[in-house]
Ligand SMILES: C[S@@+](CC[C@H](N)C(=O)[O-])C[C@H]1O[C@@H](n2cnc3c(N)ncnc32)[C@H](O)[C@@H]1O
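In structure tokens, the next block holds one chain alone, the form predicted alone.
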């Protein structure tokens, strides 16, 4: 049996096919034919840790063992890359702060005075906290008169644990403006702790984007962020997610996606904002209902 942290486990095409099917069924993430080496390299050390001889044993452990739910979380943490930071993609955030948010505020000012924002696949929390800071900056003292809900969701329990702690390294802060650091964070050695007033604006919840019923329970959102996630989905999964977002967005609500993503081929009722580098879409009021 091959053990030890330096063990090299090879994956057959059959094992790759079974494993990527499990991953797709559980998460919607698609590993194309040319990505076998990714799973092989990222999970090889895990087999050594579990003292398993090959990927057949690992697949059995993942699907039939008493710890299959926990192991899926462990596997997911290893096969995904949580690449994020505060204030990532500044031009897009400026559109959120200067275009989308003011329109939502104006639309809700004389009615509910309620703003609801969903950060889907939020990883370790930098994105929803960034949105909270921008909202705090936009409303100022008027924030007390508004009911604000910001929800960050992710499929990774490990990422959400980090998010809830709101304690970050310099790497997570690398795109954060100096004035924001001074106003909303306190430095503690190598870490940056988020101000409690901003931290309390965001709630976190475990959520799989394949679960439309769970999303439906939260009702409608004014703004949804889902950036750099759909690049891991095949066309079928992407369509399902976009239709879910359309269902959960209020009329004329806004969807922000990643700069490497597009929804042009989708039948979901979204119209792009004519703003360069915006990657922002508005739900059409009279658009077709999602399937």
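All of these numbers come straight from a predicted model, not from anything done at the bench. Residue numbers count along the first chain shown, from 1.
One more form of this protein should be noted, the form predicted in complex with the ligand, which is absent from this view; the next part is about it.
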Single option in 218, 167, 207, 108 placed near the ligand in the model of the complex, where near means a heavy atom within 4.5 Å = 207
As a check of understanding, the residue in 84, 162, 193, 138 with any heavy atom within 4.5 Å of the ligand in the model of the complex should be identified as 84
All three of 16, 43 and 75 touching the ligand in the model of the complex at 4.5 Å, heavy atom to heavy atom?
-> no
Stretch from 144 to 152, 97 to 105, 176 to 184, 119 to 127 whose residues place a heavy atom within 4.5 Å of the ligand in the model of the complex = 119 to 127
In the model of the complex, does residue 31 have a heavy atom within 4.5 Å of the ligand?
-> no
Would you check, heavy atoms only and a 4.5 Å threshold, whether residue 233 touches the ligand in the model of the complex?
-> yes
With a 4.5 Å heavy atom cut-off, would you call residue 238 a contact of the ligand in the model of the complex?
-> no
So, in the model of the complex, is residue 62 in contact with the ligand at a 4.5 angstroms heavy atom limit?
-> no
